[in-house]
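So this first bit is one chain, no partners, the form predicted on its own, shown in structure tokens.
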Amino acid sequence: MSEVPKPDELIENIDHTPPEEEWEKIESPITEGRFSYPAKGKNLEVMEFRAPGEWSPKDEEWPLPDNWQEIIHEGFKERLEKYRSLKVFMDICVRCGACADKCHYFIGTGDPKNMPVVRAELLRSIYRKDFTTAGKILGSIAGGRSLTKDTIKEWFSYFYQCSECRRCSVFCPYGIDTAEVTMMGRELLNLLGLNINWIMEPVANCFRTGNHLGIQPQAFKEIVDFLTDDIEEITGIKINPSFNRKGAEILFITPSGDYFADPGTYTFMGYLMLFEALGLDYTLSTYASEGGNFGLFTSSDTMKKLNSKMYAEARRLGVKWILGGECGHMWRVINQYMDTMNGPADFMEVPKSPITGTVFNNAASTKMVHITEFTADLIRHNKLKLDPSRNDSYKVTFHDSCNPSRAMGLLDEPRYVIQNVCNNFYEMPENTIREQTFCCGSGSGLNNEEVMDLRLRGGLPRANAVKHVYEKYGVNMLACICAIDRAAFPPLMEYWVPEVGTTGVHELVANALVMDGEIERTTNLRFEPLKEEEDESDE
């Protein structure tokens, strides 16, 4: 891992001066801090992918099979025939540059190949040369390039410097989704066994044990038991959630990050407290113990395979519908791909809240409701006893997590919930929130230590907006609805805005939630004194 510069040094070294030479002639050295470690053989083999053995992106010679060009050509051809969107995206770009300065990696690195238009051109130039008549005849005059080993190195470098956040697509006048281009680029690399371990290990773990972290069923239950002990100490109420219970009305699924590490664990405690307060008929699954889907960052077939386990478990348990936790890419997969991969899930019922009677017709096909939709509906029907003053030590702002915001338009519900459980809420600048939100800089499987330099650069635009509301309003807490965000933001904030912490929305809900039979609370879920007690001690 490379040494990370101090914030002032990092900013001083960002150069957005347009290069004099054409992008094809700009060298792209693969340096420490800009590449993730390759996938380990055991993780590739369990998914039946090609495993090239140990290698490093810094190696001069990469372990490519003898017929690697044929593999890429046939793989590219197959995907052009299978995905009409890919062919459209290859043909319609006019290089207007509207996307160029919208990518947080370009803003943070100044590297012209991190402009979405150029990143897509890495693939598009090969398409022109090999699959268009003009490119075959005119070559570089028509924008074509030959497929070489250096091209493969460029693909590996830049398709793994894209978090597939899709911010660029918001500004493209032709609607080109560059994230889809990145996904195809990664699929082609995967055919050669060129994947990264921080993606393939969660994929392999999820395939083998049901969650990204490889947590075994008994360990999952022990973790939940430990969290219920903390809830009992804070509230005096003992919660006993059920596991793998057939006949439950609802199957609840959330990302493993929520029950594995802080601050996600506080969000998980919030879910349990909310369900207990409602007397909800739900169950957890030790098989479908992961909401996230790293298949999205690997291949469509892998994404489909990992998505299917949630529905297989819902069918096995005989639940009516699925309630999903605060996750990022789980919701993009569910909202954008589920229906054509494994759906519609006709064996379940259209979700209906057992508390308010609200029918979630937007989930009629997937049978899966986002928990902020569920909780916002509860608040709207006055079904929760809330004391927002319990969150008065927090001045909160909200980060629209890329996938729920742009993929499924989940913009108002989280804000409605926060504004009902907190007295102090402040928005970041308009052009950094909602559909135009900036990425955490660590999405799409890039939340590893070896690319910390890149993560801090990619997270600079988001951190800059947080710094604005910190300086203007004294904001000290950044709320989000994504487990990757909750893992990525603590180091990002520590680097750029150390005064700001990170939370999930349902941690704030649980702090404010007044449960029947609870003892007088003296701390929040983090065992920090409530504001009233701080005031008393001051006196």
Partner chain sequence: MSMNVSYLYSLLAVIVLGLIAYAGAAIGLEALFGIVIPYLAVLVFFLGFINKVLDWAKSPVPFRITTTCGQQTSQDWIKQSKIDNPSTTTGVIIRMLLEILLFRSLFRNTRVEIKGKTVAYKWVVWLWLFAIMFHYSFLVVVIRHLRFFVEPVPFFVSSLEAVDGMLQIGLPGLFLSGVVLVGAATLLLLRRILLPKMNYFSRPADYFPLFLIIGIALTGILMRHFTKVDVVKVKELTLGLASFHPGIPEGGVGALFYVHIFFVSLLVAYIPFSKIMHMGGVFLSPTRNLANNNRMKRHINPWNPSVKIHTYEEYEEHFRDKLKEAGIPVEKE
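Numbering follows the first chain given and starts at 1. What you are looking at is a predicted structure, and each value in this text was computed from that prediction instead of being measured.
There is another form of this protein, the form predicted together with the partner chain, and it is not shown here; the text below is about that form.
- When the partner chain is considered in the model of the complex, only one residue from Tyr160, Phe297, Phe106, Tyr271 comes within 4.5 Å through any heavy atom, namely Phe106.
- This chain lacks the partner; the member of Leu460, Ile250, Ile231, Ile199 within 4.5 angstroms of the partner chain in the model of the complex by a non-hydrogen atom is Leu460.
- At a distance threshold of 4.5 angstroms between non-hydrogen atoms, Ile14 is in contact with the partner chain in the model of the complex.
- Shown alone here, Leu189 lies farther than 4.5 Å from the partner chain in the model of the complex, counting heavy atoms only.
- The partner chain in the model of the complex comes within 4.5 Å of no heavy atom belonging to Glu427.
- Contact check for Glu276: no non-hydrogen atom falls within 4.5 Å of the partner chain in the model of the complex.
- The candidate site formed by Thr254, Phe398 and Ala512 is entirely out of contact with the partner chain in the model of the complex, as no residue has a non-hydrogen atom within 4.5 angstroms of it.
- Just one listed stretch, out of 145 to 153, 167 to 175, 389 to 397, 68 to 76, contacts the partner chain in the model of the complex at the 4.5 Å heavy atom level, and that stretch is 167 to 175.
- Counting a residue when any of its non-hydrogen atoms is within 4.5 Å of the partner chain in the model of the complex, the hits in 391 to 407 run Ser405, Arg406, Ala407.
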